[in-house]
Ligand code: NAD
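Quick setup: one chain, the form predicted on its own, written in structure tokens, and binding and motion questions come after.
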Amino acid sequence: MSRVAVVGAGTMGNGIAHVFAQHGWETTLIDVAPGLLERVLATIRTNFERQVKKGTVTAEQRDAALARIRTSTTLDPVAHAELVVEAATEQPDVKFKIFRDLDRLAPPAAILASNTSSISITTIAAQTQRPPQVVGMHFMNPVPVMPLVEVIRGLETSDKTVGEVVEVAKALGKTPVEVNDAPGFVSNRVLMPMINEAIFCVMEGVATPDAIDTVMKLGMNHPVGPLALADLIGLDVCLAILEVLHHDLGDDKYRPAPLLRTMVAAGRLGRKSGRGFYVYRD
């Protein structure tokens, strides 16, 4: 495989496109938001510049990778893709519609992958006529830096599809870990309750965000504290994942902290809005 279409040009989508292009794939980045694709290409270029300065990529490799990226505001280019990676907003209805359209437009042999953080791969696959070729390919943020890819097997996902996606992840320089379809998979089922508990600690006045993050960094050797990580992920995304965990597992230990709901309602979403548990100028 050498041709990929990435649907959704947000934080995750542009990072996924970056990594595929860097590793030799002809990459089409698709998004319907007007003007977004130009800004995203500038972001990818900036991220490549950072890699060049660090010496992990040469200027020639950067230029070749950027030349491999095409953009589109329609799904038409998926007609030529061997692999499609969906990285749209974490809303079931949005993803379901995209997968119905991808199933109609993509070649019959193409693999359809979702970068979803928590939505059932089995349910996504059921929107298509090709459930054996639908799989979870959950990258971590920031995609160019983080080595993990969770490869999620839906109920109908074939061994062949899982094997091919595992090999793709390895070819991208990532470490794939196979998991079965379950709410939150492994990463978010373990991570989100920790973030949620840290938010409850802020809400109850146990400690400040900085104090909580410092305890987890210095006491538990986490590179980033849970509240700074929540700001990076996006508090709206954290809330959406916790709601899936709470609804699908039916256990109140996943109940989102009221403070999280309040912050999302106020538009304090973390880094992307300039303010979450911390204030960001950049």
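Don't overthink the numbering: it's just position in the shown sequence, from 1. Remember, it's a predicted structure, so these values are computed and weren't measured experimentally.
Beyond the structure shown, there is the form predicted together with the ligand, which is absent from this document and is the topic of what follows.
Judged against the ligand in the predicted complex with a 4.5 angstroms heavy atom cut-off, the residues Gly154, Asp181 and Asp248 are out of contact without exception.
Scanning Ile44, Val237, Ala257, Leu227 against the ligand in the predicted complex with a 4.5 Å heavy atom cut-off leaves one residue, Val237. Taking a 4.5 Å heavy atom cutoff to the ligand in the predicted complex, the contact residue among Ala110, Ala88, Ala198, Val168 is Ala88.
Under a 4.5 angstroms non-hydrogen atom cutoff, the ligand in the predicted complex has Val94 among its neighbouring residues. The closest heavy atom approach of Ser273 to the ligand in the predicted complex falls outside 4.5 Å. The ligand is not shown here, and in the predicted complex it never comes within 4.5 Å of any heavy atom of Met220. When the ligand is considered in the predicted complex, Lys174 lies well away from it, no heavy atom lying within 4.5 Å. Shown alone, this chain has one stretch from 154-162, 128-136, 80-88, 208-216 that lies within 4.5 Å of the ligand in the predicted complex by heavy atoms: 80-88.
Along 61-85, no residue reaches a heavy atom to within 4.5 Å of the ligand in the predicted complex.
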